[in-house]
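Listed next as structure tokens is one chain, alone, in the form predicted on its own.
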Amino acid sequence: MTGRDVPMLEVRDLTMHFPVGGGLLDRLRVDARGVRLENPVVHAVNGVSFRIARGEIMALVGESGCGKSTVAKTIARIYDPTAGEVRIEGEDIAGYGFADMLPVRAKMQMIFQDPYASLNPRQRVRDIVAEPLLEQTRGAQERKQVPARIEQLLARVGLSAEHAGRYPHQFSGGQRQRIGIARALSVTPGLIIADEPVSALDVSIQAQILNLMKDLRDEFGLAYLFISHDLSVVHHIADRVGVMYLGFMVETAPRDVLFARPRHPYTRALLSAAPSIKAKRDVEEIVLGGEVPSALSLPSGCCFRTRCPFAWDRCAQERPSLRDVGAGQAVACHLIDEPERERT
């Protein structure tokens, strides 16, 4: 593949395991049955693969602790991946060091969940937005253009030039997130990783930020990896959705396909549990029993089988892999081989 055919982001068998230390954490060295584990690790991400085309918005959803934010931070190289490939425009950056990553940062930026914690309270807005731009700018002539560029960026996200001289604490939550978006846009990236970017905002402000992000996608051809647990937000912004459970990708599909016909029992349970303002729900509620298994000691076979109402013997013996089921949908579930079971 060349040129426009190369995905903006391609992740292949991404794995992220965290070793568990001793001391106060020594109690974590036993599994749910009380058996002591040797050299235990937290299996946060387990062989996740997906790709995002230029201008596409892909959302990752799942319960807290499913690994979606870890995927985002590993792609951004906040964490060094245990295994797998992370390709930005075809370039594998999984093994890059700090210096190697500097030019890649111009292609990939992040928007964080807490817009206040992600901004330096001791810096003025102009300095916050300029910082990544100055890191990528070479030459005195280019640096002279930075103030004008900052003013343009602030205007594009709905802020005025006078805001450039203020500090983060002088803004509302929605305005702070606009500053974070302006900072991300400063180096003209092709990919933005948005980790729960609206979960800390009021509902009315959420809509404004989501619409701004979609407008910027259309204007600059941005690709987004959008992390969220809110399915209504995902339905509003995403082109395609990936569902994660216990570090595994269990289903991917175009947004409308996923919401119309979810195939994995976990996806069906998530959608049935989503709040709705409708008086009558057209989705049968699926109540999951039990607790999410420990990421220190994954169950055999399908990791969802301990909570799945449709599990049978094969689920404990064989771990399912993502399989194409048509219409751009892929599912990691043995039910697709058992149509009668899937309809129950």
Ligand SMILES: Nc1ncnc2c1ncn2[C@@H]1O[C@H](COP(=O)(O)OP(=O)(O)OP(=O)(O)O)[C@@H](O)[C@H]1O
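Start at 1 with the first residue shown and count on from there. Here the structure is a predicted model, which means the values were calculated and not measured.
Not pictured, yet referred to below: the form predicted in complex with the ligand.
Non-hydrogen atoms within 4.5 angstroms of the ligand in the predicted bound form: do F18, G65 and Y79 all have one?
All three within 4.5 Å in the predicted bound form.
Have a look at C303, A44, I57, V48 for me and say which one sits with a heavy atom within 4.5 Å of the ligand in the predicted bound form.
Selected option: A44.
Position in contact with the ligand when the complex is considered in the predicted bound form, options I52, C315, A295, C308, heavy atoms within 4.5 Å
Contact with the ligand in the predicted bound form is made by A295 alone.
Only one of these stretches, 99-107, 68-76, 132-140, 256-264, has heavy atoms within 4.5 Å of the ligand in the predicted bound form; which one is it?
Partner-contacting stretch among the options: 68-76.
Is E196 close enough to the ligand in the predicted bound form to count, meaning some heavy atom within 4.5 Å?
It does: once the ligand is placed as it appears in the predicted bound form, E196 has a heavy atom within 4.5 Å of it.
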